[in-house]
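First, one chain by itself: the form predicted on its own, in structure tokens.
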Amino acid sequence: MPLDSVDGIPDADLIFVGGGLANGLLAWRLSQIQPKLRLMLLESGDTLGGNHTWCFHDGDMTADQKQWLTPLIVHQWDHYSVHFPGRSRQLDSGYFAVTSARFHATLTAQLGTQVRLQTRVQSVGPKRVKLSTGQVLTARAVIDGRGVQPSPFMTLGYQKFLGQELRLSAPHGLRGPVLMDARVAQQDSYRFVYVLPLSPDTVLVEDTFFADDSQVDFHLLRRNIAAYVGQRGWQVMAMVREELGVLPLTLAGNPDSFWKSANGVVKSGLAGGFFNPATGYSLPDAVRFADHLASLSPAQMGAENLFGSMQTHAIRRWHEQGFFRLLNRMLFFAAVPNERWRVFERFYGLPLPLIKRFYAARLNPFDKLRILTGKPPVAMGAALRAAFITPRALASRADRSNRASGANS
């Protein structure tokens, strides 16, 4: 027989379905700010956070937010570099990395028995979760953070990558990260290599594409990494681990219909559209989301009120980010795939303060004008068509993308 709550008392105040970045940060932050709340964090895998590296730029969040996140930060640098066929530049701005290993260790130590690993969920509702075992868990509210899912109400592009953490036979010589090295064959998309120096002889190398679909050719990306490492003259002693990432890049959508389709279940992280629409970076938005939820009183954390609050928060962010979706449409619809690198080469010639505001998704009107003016890296006619592409054309593209993503899942 399924086990339900005893005498009508919920099993928890909040149940988090999915132990990834967003839900993990939510539960961790709430346990610090409101320790009397009864929390339950359900994860289908063996560890919280999966197998990932999350990064953010100095300026992506407030000083207070960075302070409470500090126990999770494993690596930090005071600059990073970018490379294109016609431009190389070092940007003197801080860059930080959080690893899933640190994430799991820190959160499980704090949350203890509130974490349930290897727990598969069959279905969710605003106040209940049914497990694959048939057990039913109840809560005042359920928060679903199981990652982005295809939706007819969102049109997406993707940043997809395969990363390998490599131990080398000799020091690599890098002083800081290489966020984009686009001096590589483009392979019918915008392709670049991303490198994080984790120790003097260890690097994380990611082969990355900005692509129309979410399918990943593992063999191709592994060959690309091997070729890049060889070109750098690095000799690999061992591959420590390998990670996969598929990040959504929002082109257009209907946020009201998207949230209506959630049927009253609060969505977090990528599942709720909380990420930088132009870069796919999700850590800063996850931190902001955690602070927003933690600012609510326990009385405000019932399912209906929480859903309304999160929906309002999400739709406000959506309207704030319209310019980034415009840039994405221009990139995906106006730029020739093998020439998309020109858009980024031009962007990284702009002033550093503007670049920092771009990553933080806090552009001012002058920034937006500066990004769009000057010699355009795409044809003006194509850019205008992309900016004002019809809903029908977007719906057709979303349908193709969703079918491709479904075939890949």
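Note that residue numbering follows the sequence shown and begins at 1. Note that the structure is a prediction, hence the values are computed from the model and not measured.
The following text describes the form predicted together with a small molecule, which does not appear among the structures shown.
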property	result
Proximity of residue 361 to the small molecule in the model of the complex, heavy atoms at 4.5 Å	no
Residue 119, heavy atom within 4.5 angstroms of the small molecule in the model of the complex	yes
4.5 angstroms heavy atom contact with the small molecule in the model of the complex for residue 255	no
Residue contact check: residue 136 to the small molecule in the model of the complex, 4.5 Å heavy atom	no
Contact stretch among 40-48, 348-356, 27-35, 62-70 - heavy atom within 4.5 Å of the small molecule in the model of the complex	40-48
Interface residue in the model of the complex among 318, 234, 161, 259, criterion: non-hydrogen atom within 4.5 angstroms of the small molecule	161
In the model of the complex, the one of 245, 308, 152, 302 near the small molecule [non-hydrogen atom within 4.5 angstroms]	245
Triplet 157, 191 and 324 all within 4.5 Å of the small molecule in the model of the complex via a heavy atom	no
